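Presented as structure tokens, the chain that follows is alone, the form predicted alone.
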């Protein structure tokens, strides 16, 4: 039971990083990114390849950040003229392209067999139980640090400029804001955070395959940010942990129902997730922790 609880909390922390990534790009500059699973995969495979070649784990984490940021920049350059639904469709397609590359390029990713034996720091030395506890502490520290950094960014001039672009990018451009540069920087930062989450996931599981990066992950993260509150980092984190708790809780509820096979139980869980989202959006349209509107600063005459 303890191992299961540690596992659930660790996955909750990884989902929290993904939620912070989405909140940065969606709540920041208003760009709808449905390609989170793709950047998640880039980070996981980048650290698996680098550490598999003998590099330290810290180098693997850095490579995940860099690779995901580069992919994010390329995506932004290719979608500069797209907004709203069109951007969402393109990024969703990108995530599936990345998954198919991982599935078919066996020379790089080992294809459908996946990559096993990813370095799990000190697991063989301290044992699985102590490793799970230590990794939970590490992931939680990363989540807290990222939340503090993004919260500070949110209240900085850069964060206010991003939200100006979110509200009206034409007006922001007329006001002298570098709209293109802000979009590039926001998307690269968001992709890097998602890649970091993927790297942490890879080292925790010690095995990754294309099946681990299905589009359903993106749906869960959108649910987390929508339920927590778009535009507020704390809401994204709380929403992520709430989604993981709800997913795991419904697992036991579905198993208690008589005459329900595993496939039906899985479908029932997805239905309950959708119903929960509808209920939250009906009761709290702006999420559990709505974004705080900062009052305009008074200028001296």
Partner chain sequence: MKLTRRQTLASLGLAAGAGLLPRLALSQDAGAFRIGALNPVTGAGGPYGTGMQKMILAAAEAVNAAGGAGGRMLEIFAEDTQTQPQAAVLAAKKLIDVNKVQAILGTWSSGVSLAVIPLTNEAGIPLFHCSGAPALSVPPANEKKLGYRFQATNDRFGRAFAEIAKKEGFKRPATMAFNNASGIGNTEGFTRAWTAMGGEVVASVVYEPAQPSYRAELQKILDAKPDVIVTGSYLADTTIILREWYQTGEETKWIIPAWAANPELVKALGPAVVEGIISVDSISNEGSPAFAAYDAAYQKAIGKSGLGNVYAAMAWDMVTVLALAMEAAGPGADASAINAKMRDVANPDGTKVSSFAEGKAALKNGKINYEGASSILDFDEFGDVTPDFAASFIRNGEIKREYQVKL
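Bear in mind that the values here come from a model prediction, so they are computed numbers and not experimental data. Positions refer to the first chain, counted from 1.
Below, we turn to the form predicted in complex with its partner chain, even though it does not appear here.
Visitor: In the predicted complex, which of 216-224, 152-160, 172-180, 189-197 comes within 4.5 Å of its partner chain (heavy atoms)?
Guide: Of the stretches listed, the one contacting the partner is 216-224.
Visitor: Should the three residues 85, 271 and 281 be counted as contacting its partner chain in the predicted complex, with contact defined as a heavy atom within 4.5 Å for each?
Guide: Answer is no for this spot.
Visitor: Is it the case that residue 277, even though its partner is missing from this view, gets within 4.5 Å of its partner chain in the predicted complex, heavy atoms only?
Guide: Although its partner chain is absent here, residue 277 would stay clear of it in the predicted complex, with no heavy atoms inside 4.5 Å.
Visitor: Quick check on residue 168: any heavy atom within 4.5 Å of its partner chain in the predicted complex?
Guide: Result no; residue 168 lies far from its partner chain in the predicted complex.
Visitor: Within 4.5 Å, heavy atoms only: does residue 266 come near its partner chain in the predicted complex?
Guide: Close contact exists here: in the predicted complex, residue 266 approaches its partner chain to within 4.5 Å, heavy atoms only.
Visitor: Looking in the predicted complex, any heavy atom of residue 128 within 4.5 Å of its partner chain?
Guide: It does: once its partner chain is placed as it appears in the predicted complex, residue 128 has a heavy atom within 4.5 Å of it.
Visitor: Residue by residue through 90-129, which ones have a non-hydrogen atom no more than 4.5 angstroms from its partner chain in the predicted complex?
Guide: Residues within 4.5 Å: 100, 103, 104, 106, 112, 113, 116, 117, 123, 128.
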